[in-house]
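Below you will find one chain, with nothing else, as structure tokens; this is the form predicted on its own, and questions on how it binds or moves follow later.
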Amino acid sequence: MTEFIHALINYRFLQYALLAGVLASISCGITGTYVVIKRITFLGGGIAHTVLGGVGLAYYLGINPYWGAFASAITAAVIIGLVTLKADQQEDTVIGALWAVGMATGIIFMHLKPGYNNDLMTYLFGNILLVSRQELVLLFWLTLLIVAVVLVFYRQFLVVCFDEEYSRIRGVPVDIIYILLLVLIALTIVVLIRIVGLILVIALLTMPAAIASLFTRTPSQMMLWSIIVGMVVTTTGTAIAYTPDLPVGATIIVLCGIFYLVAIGIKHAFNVGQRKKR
């Protein structure tokens, strides 16, 4: 840990990494709360893995893969939202198809582009230590956009998550709000790509919120504690992985999983204690 702190003071790339972790924690803490409340983890996974198609296409065309990720994430969110709301087909089947086709498309475009690109692999597996200043600025603006939209539509998102039918009766434009929520999830996934990669992104999106849900009573409290948990696991995971040169994204997710299991144990022990008192 001493070596990590010394490196943090002297190396800018570590400072960028921790700032990226903070921004990612804010984004996933906010939108992950809605994902857990609405129980749409599978939809989030479908969006996340479809993004690989856009990344592969952008790489093939020679443009920044982030723009491909952004475009494909938004497109996937809208398609999945429309399918969920309007289509008669089985929702999980359509999402699974998009999931598979998106990843297959990305693999094809990567194959068509000659040579090996190590930077491209970070979009699959993540590497928070490679976050550049330009990427950090992009993460900042995406996070700011997510926060701004949630501040404006906070109540609408909640009523749609808890009771769609009641929301329709009250005149809330449920379809628009729901698709907007999926778009926010898509933006969060773009923010998280560099942190833990497409393969593990859904874990960081949902586990901090799941941990927070065990000990909070309101969505706002859940968001706050989810953000805090996210900051703790990204910072601690980066510190743990630094000295032995472990994969940072994977270390963050393993640590998050340990926190989740410990939180479940604490919650269970608390519930048992409460029952004994009665």
Partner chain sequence: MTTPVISLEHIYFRYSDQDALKDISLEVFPADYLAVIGPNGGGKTTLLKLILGLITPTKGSISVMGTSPAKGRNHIGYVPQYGNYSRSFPLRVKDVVMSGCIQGKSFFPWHSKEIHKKAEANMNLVKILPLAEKSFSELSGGQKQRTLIARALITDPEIILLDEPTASVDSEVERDVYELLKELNQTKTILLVSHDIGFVSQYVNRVMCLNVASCTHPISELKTGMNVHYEGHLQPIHHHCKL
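For clarity, every value in this text was computed on a predicted model and none was experimentally measured. Numbering follows the first chain given and starts at 1.
Omitted here: the form predicted together with its partner chain. The next part is about that form.
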Segment that reaches its partner chain in the model of the complex - one of 76-84, 166-174, 98-106, 133-141, heavy atoms within 4.5 Å: 166-174
Of 219, 237, 29, 45, the one that lies within 4.5 Å of its partner chain in the model of the complex (heavy atoms): 219
Among the candidates 110, 94, 179, 159, the residue which, in the model of the complex, approaches its partner chain to within 4.5 Å (heavy atoms): 159
Contact test in the model of the complex: residue 37 vs its partner chain, heavy atoms, 4.5 Å: yes
Non-hydrogen atom contact residue 153 with its partner chain in the model of the complex at 4.5 angstroms: yes
